[in-house]
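Heads up, the chain shows up twice below as structure tokens, two forms, tagged structure 1 and structure 2.
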Structure 1
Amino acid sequence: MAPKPDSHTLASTSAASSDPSSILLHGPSPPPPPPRFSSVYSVLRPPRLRLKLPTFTLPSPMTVFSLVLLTYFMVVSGIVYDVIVEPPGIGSTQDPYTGSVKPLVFMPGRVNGQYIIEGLSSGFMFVVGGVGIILMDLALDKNRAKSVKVSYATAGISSVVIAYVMSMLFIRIKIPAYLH
């Protein structure tokens, strides 16, 4: 009981000390060998751990790109504006005749103001447009099946068209005097 875990721990620690950096790796350090007169710790058995420093591998470019796209979506939706100015999620207006409160999606009056939902939906449109162009490029890749290429191309073109039309609609609602 006592000698066997001793030799194990001694062997493992000696192996560890030859490689200076892995002294730091030894997770929970094994308890000291129990002194002869006390067997309190004799019930404990140090686990045999095999810990390694997580090797730092660089992520692939496309992983980084998807993170970047997510960040772009958040920035372009005006998340900083939302955090600082704290506008409501959706605005409200009162109908002058009936007195009922109707929701108002686009903040009127200023170019540099928004409600949260409005920002997120416009940001989504921008990202859809960008992804559409990316899909169109993917459709030209030689190594895919033809049906996949055709579906990418259709999806890409329709995404761009929808995104452009919706963005124009949004900006016309927001700024009534647009292009007049």
Structure 2
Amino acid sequence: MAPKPDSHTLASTSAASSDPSSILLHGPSPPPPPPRFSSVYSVLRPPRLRLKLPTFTLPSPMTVFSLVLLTYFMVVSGIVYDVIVEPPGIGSTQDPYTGSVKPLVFMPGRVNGQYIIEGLSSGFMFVVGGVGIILMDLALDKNRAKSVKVSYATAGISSVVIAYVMSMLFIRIKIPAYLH
């Protein structure tokens, strides 16, 4: 059972509770200690903690766009495959006529296998195509100057065409009889 406060402590507590400035300066009084710890709390006083919740600010739209684009690049480049399978960065083949070793960027004949540089170059082409689509979308903004809209449209269409042509070239190098 908790000890009963004496009249002097009770009077100072009621005076402090009626004065709002004392609550702001000293904070709310801590709850009474449980009965089994009353001897410990008679010697020790629990600290008054003034903890603040951390405030987080939202990242800017460009930061979010950059993170999403980087994540897209990593996913389409096959980073997960590269981590699990651990393929070599680049392959090599021996020239049958000269006997010299030549570097090989694309793993021939295997659609479900890749060298690291092959995945990164293909992922880069996909990102170039995606940025081209974003530029074409920006070209449709009515509040931009005509020269800026033409520049965005030209850069966007060029990016999409380059990405498509290069991706088809990569597939034809990887699988020679593709679409013939």
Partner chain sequence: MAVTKTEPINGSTTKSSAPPLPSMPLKSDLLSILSLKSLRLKTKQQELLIRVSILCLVYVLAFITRLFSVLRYESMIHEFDPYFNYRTTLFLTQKGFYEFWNWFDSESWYPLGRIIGGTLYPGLMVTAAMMYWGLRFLRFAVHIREVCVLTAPFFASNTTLVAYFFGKEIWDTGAGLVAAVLIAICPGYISRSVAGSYDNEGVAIFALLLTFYLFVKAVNTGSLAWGLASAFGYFYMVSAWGGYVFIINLIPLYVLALLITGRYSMRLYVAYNCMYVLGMLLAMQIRFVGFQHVQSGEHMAAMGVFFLMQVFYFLDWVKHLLNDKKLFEAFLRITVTCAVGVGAIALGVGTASGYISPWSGRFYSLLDPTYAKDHIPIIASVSEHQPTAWSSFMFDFHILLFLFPAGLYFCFKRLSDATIFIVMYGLTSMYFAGVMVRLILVATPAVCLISAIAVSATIKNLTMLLRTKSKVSQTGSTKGTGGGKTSSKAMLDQSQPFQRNGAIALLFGAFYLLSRYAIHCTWVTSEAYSSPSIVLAARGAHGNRVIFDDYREAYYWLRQNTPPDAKVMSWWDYGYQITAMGNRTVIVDNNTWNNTHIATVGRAMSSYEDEAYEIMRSLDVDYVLVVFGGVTGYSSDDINKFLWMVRIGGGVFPVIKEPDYLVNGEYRVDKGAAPKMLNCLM
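Quick note, the numbers are simply positions in structure 1, starting from 1. By rigid core we mean the largest C-alpha set that fits within 1.5 Å across both forms. None of the values given here were measured: they were computed from a predicted structure.
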query	finding
Structure corresponding to the form predicted on its own	2
Rigid-core frame, C-alpha of T63, shift of 2 angstroms or more between the two structures	yes
Between the two structures, how far the Cα of P47 shifts once the core is aligned, in Å	20.7
